[in-house]
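Structure 1 and structure 2 below are two forms of the same protein chain, each written out on its own as structure tokens.
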Structure 1
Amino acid sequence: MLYIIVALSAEARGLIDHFKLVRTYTLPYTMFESEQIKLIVTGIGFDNAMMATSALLGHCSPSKTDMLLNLGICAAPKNFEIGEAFLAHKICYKDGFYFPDILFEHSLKESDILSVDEPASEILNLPVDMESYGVYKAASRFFSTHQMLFFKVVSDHFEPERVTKELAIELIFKNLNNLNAVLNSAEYVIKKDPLFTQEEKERINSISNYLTKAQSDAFYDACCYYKLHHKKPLHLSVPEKEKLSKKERSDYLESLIKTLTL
């Protein structure tokens, strides 16, 4: 699943068409979804970003192979062109810092970004937005450092009055190819094939039902050992009896572990 966090509806517009998302009403936020994507519009600023991100992720409980994308426009100094996209590798806010890991190759610039509480009209030497820090703060409870992407598009050189809704839509739209490339690469790094097939998982569960908690942990470890060491499918037979005595359970576990780890 890809979780997309944007502050403004204008930032969402291009993504809704591109990813064929439909409006949903699960949470009291503007949200769009497809089978693989959930997008939330948070509203502007640190608090809004943090609250909406927490609400979405708390509701959905992301997994180790999911990704979070915070996409948005930002102000930047003149060494960035208007419309240029970059990835943030350090997010600063007041005295705090976050460091998302960018562990995949990509062709964009990377930069620090400063999150502020008011639209920035004073010229600074690094890009500035209002949400990255809030999004990271909430999302880091749910994601590893390499599962979170901060994809920013420069909308102005510290002239917030020049930024219109139409401009935001256009700038994001023009960067959809860049975004696709980044998402592909990030997915390559994040994706992990499951160790067990569905059938194997079910078999492990039914056998575990015969065992105590500690025994089923030891049994699960032995199954992992077998799969990782032999790299072969796991064939396990479930006992014929419905229940096992304490002694039978221990003998059964011992024989399972022996077979799996020999």
Structure 2
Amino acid sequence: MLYIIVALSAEARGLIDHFKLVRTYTLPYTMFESEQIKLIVTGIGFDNAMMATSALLGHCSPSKTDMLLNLGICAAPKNFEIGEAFLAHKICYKDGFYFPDILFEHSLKESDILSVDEPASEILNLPVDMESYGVYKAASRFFSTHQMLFFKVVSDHFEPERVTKELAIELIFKNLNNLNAVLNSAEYVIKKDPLFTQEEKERINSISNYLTKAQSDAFYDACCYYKLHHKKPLHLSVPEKEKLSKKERSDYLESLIKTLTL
């Protein structure tokens, strides 16, 4: 299943036509779906994005082979062209940071993005939107970091008054081919999960039993990175002790990730 989160109906328009989605009334939000896709329109801003995403994922609990796509327009500095699409690999909000893991090959630019509370008219040195952080904060309770995609399209150079509904529709429509390419590449890693043999999966699960949920997610992402970049069998040693202390667990995870991501 692909869960699509957008803030504006204009951002959803091209996706609805492209994926042949049908309006549904399951939740008190504007929603469209098909057999393999659920799309929700959250409204603008951090709170709306977080609440709508939580409502959708709480109602339709995703699996480890599902994906979440947050798609939308954003402001960006002039080293980005109007209409240029990119993937966010770091999401900032006030003093907080999130790091989506992009473990698949693609042709787009990658960038940090800053989530703000008001439309940005002051020129900044990185792209800006109002929803990414709220979406990630809600979705991270349901998805691992490598299952979440943040696909953004530049709509303006910090001139929000120039952004119209018609422009948003046009920019998303023009990037549907880029979106398809990203989803196809991500699907290979996320949905098909061809990376691990059954023995490797069992070993990953055994090690994950020693870790917290957040640590387990970080460990799994590091395993994906190793397989994708080294294309070699995954050799992992399970701890001999039945239980690890908090410090031992942290040290063990740090050692694992360092080995896998060299």
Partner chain sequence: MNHLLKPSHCDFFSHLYIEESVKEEALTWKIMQKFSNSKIIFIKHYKDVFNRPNQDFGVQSKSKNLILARREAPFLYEGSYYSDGFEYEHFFYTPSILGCLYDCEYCYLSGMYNSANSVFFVNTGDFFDAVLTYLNKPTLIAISYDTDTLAIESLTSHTKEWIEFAQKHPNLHLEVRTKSANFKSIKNLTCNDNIVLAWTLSPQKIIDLYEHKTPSLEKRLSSIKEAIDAGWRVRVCIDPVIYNEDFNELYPPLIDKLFTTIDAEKLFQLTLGSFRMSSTHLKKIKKLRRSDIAFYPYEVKDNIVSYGKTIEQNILHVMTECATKYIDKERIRTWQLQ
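Take the two forms, find the largest set of C-alpha atoms that superpose within 1.5 Å, and that set is the rigid core. By convention here, residues take numbers in order along the sequence of structure 1, the first being 1. The structure presented is a predicted model; accordingly, all values stated were derived computationally and were not measured.
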- Chain form predicted on its own: structure number out of two: 2
- Query: Once the two forms are fit on the core, has K20 moved its CA by at least 2 Å between structures 1 and 2?
  - Reply: no
- For S250, is the C-alpha shift between structures 1 and 2 2 Å or more after core superposition? yes
- Task: Tell me, please, whether between structures 1 and 2 the C-alpha of M31 is shifted by 2 Å or more, with the rigid core used for superposition.
- Result: no
- Keeping the rigid core fixed, work out how far the Cα of E240 travels between structures 1 and 2, to one decimal in Å. 39.4
